[in-house]
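Just the one chain here, the form predicted on its own, laid out as structure tokens.
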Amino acid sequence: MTHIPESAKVGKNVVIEEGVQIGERVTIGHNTVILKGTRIENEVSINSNCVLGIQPSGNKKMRNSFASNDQLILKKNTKIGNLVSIYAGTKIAENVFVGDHASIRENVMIGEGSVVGRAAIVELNSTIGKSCTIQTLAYVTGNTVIEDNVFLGPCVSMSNDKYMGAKDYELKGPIIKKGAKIGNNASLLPGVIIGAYSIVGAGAVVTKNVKNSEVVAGVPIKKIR
């Protein structure tokens, strides 16, 4: 039976499966479901109507979707909003904030102090560094690498399939280097590299690599500084 410390605060209609690990001074909101294989460390706050530790599923048309034997781990002082879904095999570091309605798939790594905004989506096998900001409704495609201190504006979108399912292709999301800033509604094509401390303007379509410290904008992008 799962041990729930006396210091934890658990709301109404909460489901906690066998084998869940819960630390001290954890708060769990009403109607939240925590599935087996989840580890919640001290002082984590989880709001209402969340589902944590989901096992992925799919069909033969979907690539890279498989059951995960790894734990979902929420490190100390992480805060999870309402109606959030997070899959098994993901590891969320200390002091991370995940906004309402966000979805984080399996085998994702999120670094210390980062923010995943309201209704943002982070797909499987992606890595997000420390102190990143992923704003409202941003879409981080699978197999993406985001280094430390990156900013993604609202509704930024990415893709990882060069042929849009027409033939086999190794899925490659963008690589976004440290300190880069991506403006709202920008679109990043598969495998592009966004250089360190570069800036991508709002609404831009990134079809090629961006060098370190460059400023680009437009459809498709052009260097403006």
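Keep in mind that this is a model prediction, so the values were computed, not measured. Numbers follow the displayed sequence, beginning with 1.
The next section is about a form of this same protein that is not shown, the form predicted in complex with a further copy of the same chain.
Taking a 4.5 Å heavy atom cutoff to a further copy of the same chain in the model of the complex, the contact residue among V145, M109, L83, I73 is L83. In the model of the complex, at least one heavy atom of H101 sits within 4.5 Å of a heavy atom of a further copy of the same chain. Mapping the unseen interface onto this chain, R118 counts among the residues with a heavy atom inside 4.5 Å of a further copy of the same chain in the model of the complex. In the model of the complex, a further copy of the same chain lies within 4.5 Å of some heavy atom of N13.
Proximity of G195 to a further copy of the same chain in the model of the complex falls outside the 4.5 Å heavy atom cutoff. The candidate site formed by K79, T136 and V200 is fully in contact with a further copy of the same chain in the model of the complex, as each residue has a non-hydrogen atom within 4.5 angstroms of it.
Contacts between 181 to 208 and a further copy of the same chain, taken as any heavy atom within 4.5 Å in the model of the complex, involve K181, I182, G183, N184, N185, A186, S187, L188, L189, I199, V200, A202, G203, V205.
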